[in-house]
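The chain below stands alone, shown as structure tokens; this is the form predicted on its own.
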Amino acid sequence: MKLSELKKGDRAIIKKIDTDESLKSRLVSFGVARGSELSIEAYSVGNQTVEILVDGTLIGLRRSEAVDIEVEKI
């Protein structure tokens, strides 16, 4: 399942980040890494961005970035 498929309030564990190294490095610096637990906090109007909460940090991702993150819903 892709991160972009989750709904507000859903929780998941990151299984794989399938993107270029520069974005992967940026995500890891925010705590978004394989094995991390996250929750979906909000979507923007039009679902162009998603806010996720990872280890107490609120992070905004573009939809194009969220489709590259594979998760397992919990």
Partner chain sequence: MDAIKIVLAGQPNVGKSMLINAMSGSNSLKVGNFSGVTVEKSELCFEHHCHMFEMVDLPGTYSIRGFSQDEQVAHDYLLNEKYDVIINVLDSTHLQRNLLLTLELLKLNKKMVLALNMADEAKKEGLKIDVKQLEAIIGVPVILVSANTKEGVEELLERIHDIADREHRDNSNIIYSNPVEEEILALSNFFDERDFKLRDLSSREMAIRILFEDKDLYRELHEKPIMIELQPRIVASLEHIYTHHDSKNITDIKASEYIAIARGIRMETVKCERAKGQKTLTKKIDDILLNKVLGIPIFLFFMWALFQLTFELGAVPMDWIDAGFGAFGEIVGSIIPHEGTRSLIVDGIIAGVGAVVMFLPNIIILYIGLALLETTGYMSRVAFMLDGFFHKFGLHGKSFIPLVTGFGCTVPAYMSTRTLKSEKDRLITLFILGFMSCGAKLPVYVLFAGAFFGPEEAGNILFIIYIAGAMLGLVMAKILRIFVFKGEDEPFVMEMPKYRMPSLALIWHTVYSKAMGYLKKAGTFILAASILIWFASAYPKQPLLGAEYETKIEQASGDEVKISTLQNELKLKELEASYLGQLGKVSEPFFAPLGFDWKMAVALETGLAAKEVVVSTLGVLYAVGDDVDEGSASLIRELKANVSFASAMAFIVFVMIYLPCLAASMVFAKEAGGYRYLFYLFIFTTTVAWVLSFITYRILV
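This structure is a prediction, so every number in the text was calculated from the model and none was measured. Numbering follows the first chain given and starts at 1.
One more form of this protein, predicted in complex with the partner chain, exists but is not displayed; see below.
Report task. Report yes if any heavy atom of I13 sits within 4.5 Å of a heavy atom of the partner chain in the model of the complex; otherwise report no. Result -> No, I13 is distant from the partner.
Query raised in the report: Might K2 be said to contact the partner chain in the model of the complex, defining contact as any heavy atom within 4.5 Å?
Result: It does not: once the partner chain is placed as it appears in the model of the complex, K2 has no heavy atom within 4.5 Å of it.
Query raised in the report: Taking heavy atoms and a 4.5 Å cut-off, does L27 contact the partner chain in the model of the complex?
Result: Output for L27 is yes: heavy atoms within 4.5 Å of the partner chain.
Query raised in the report: According to a 4.5 angstroms non-hydrogen atom cut-off, is K8 in contact with the partner chain in the model of the complex?
Result: Taking the distances in the model of the complex, the answer for K8 is yes, it comes within 4.5 Å of the partner chain.
Requested in this report: Select from 52 to 74 the residues with a non-hydrogen atom within 4.5 Å of the partner chain in the model of the complex and write them out in sequence order.
Outcome: Read in sequence order, the residues that approach the partner chain (within 4.5 Å, in the model of the complex) are D55, G56, T57, L58, I59, G60, L61, R62, E65.
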